[in-house]
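This document opens with one chain alone, in structure tokens, the form predicted alone.
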Amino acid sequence: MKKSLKILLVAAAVLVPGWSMAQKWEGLADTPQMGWNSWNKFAGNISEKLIREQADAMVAEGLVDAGYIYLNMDDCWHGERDADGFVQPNPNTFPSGILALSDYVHSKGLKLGIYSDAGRKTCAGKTGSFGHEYQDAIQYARWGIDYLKYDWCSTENINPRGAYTLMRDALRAAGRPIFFSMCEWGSNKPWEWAAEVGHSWRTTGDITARFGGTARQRGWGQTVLSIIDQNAPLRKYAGPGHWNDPDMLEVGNGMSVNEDRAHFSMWCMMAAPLILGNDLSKMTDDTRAIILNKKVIAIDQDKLGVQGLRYKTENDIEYWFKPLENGDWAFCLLNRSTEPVECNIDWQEYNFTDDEVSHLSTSFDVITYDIENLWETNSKKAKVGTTKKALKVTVPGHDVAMYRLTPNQKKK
């Protein structure tokens, strides 16, 4: 080991006495993270050219202005380690190096994310971080990295809590604030222990561009509805600074418009990270309308930071509520069937207190709320009345109806 490397590691220990007592970087996840990741669309076929193109598209399409700030490279950017053990990018696909790419991404007003694995190899068989955690953290800091997605392949006989805590400490010691996204798939119930370790943790296996049913794509991917069912019971573990992550978005990757809209809406209701996974340079108008809907994004990014509640299920319709800042509520009807369903909402049937998380009450018997349809593009038509009257709505198959409820006045 060269003297310079020894000095760096000793300095890390001095900067963070008692490495296991280091803290994750705070202030990076007050609301769920938003951005883009290469895996869902491009898998291992990535390059600096692709990342630059997606960065350009994020700016041109108005995604940065909408809050999507992280541009994340997933698996397969890796080359080999150098003589001192520092990981290098693939010289064929990233010939300019990661620092030059980072400078370019930052010049666009974006932040650059990178991928590694707690095991000996990544899921695609590339260089993992096991045994090189502090070196990799130092390298990421040198490159100006802002986000680390940390996977869980090739981890035989490795303790997950120890492995993720070790990388947290390494990131802190490296001195650059880096968002820490734990991709452990929920195998070891990270929601029970990871709030002090990472900024978000995966609660499920990998998603695929399929809304429901039992057939799988990519050999392992789970459906949108399956992932909702796994993530929904974990709401008490999420909050500002630490989020449940039901995996990245598949909007624009082949599902129907209805399914894409429902997928995006439910991620917002669950206060989930909004990490796009489509080709941003080749979007349809329908995809744009979904991922750029700022009123729906605002539900996800609400500063109260409460994951939504699946209040009840009736046949194929799920009734979801999410408390928001200033006494507002988000209300969403999810239709799990392929056929349209008519719903008649008598608000007095939904008086409840969210005892599990927020301790807030809907109080429909005391408060009148104005109702805004968040997927209606006509601002006048979006105002659909108040909770003084029942709400009648038809929810299309594999779709949602989504509303924001804002206190109007107390009933006399």
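Residue indices: 1-based, along the sequence shown. Everything quoted here is computed from the prediction, not taken from an experiment.
The next section is about a form of this same protein that is not shown, the form predicted together with a small molecule.
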The small molecule in the model of the complex: contacted by all of 39, 124 and 183, heavy atom 4.5 Å: yes
Among 224 to 232, 333 to 341, 291 to 299, 144 to 152, the region lying within 4.5 Å of the small molecule in the model of the complex by heavy atom distance: 144 to 152
Residue 202 within 4.5 Å of the small molecule in the model of the complex, heavy atoms: yes
4.5 angstroms heavy atom contact with the small molecule in the model of the complex for residue 74: yes
Touches the small molecule in the model of the complex: residue 318 (any heavy atom, 4.5 Å): no
Close approach of residue 248 to the small molecule in the model of the complex, 4.5 Å, heavy atom: yes
Heavy atom within 4.5 Å of the small molecule in the model of the complex - residue from 267, 243, 115, 329: 115
Contact residue in the model of the complex, from 133, 279, 259, 206 (heavy atom within 4.5 Å of the small molecule): 206
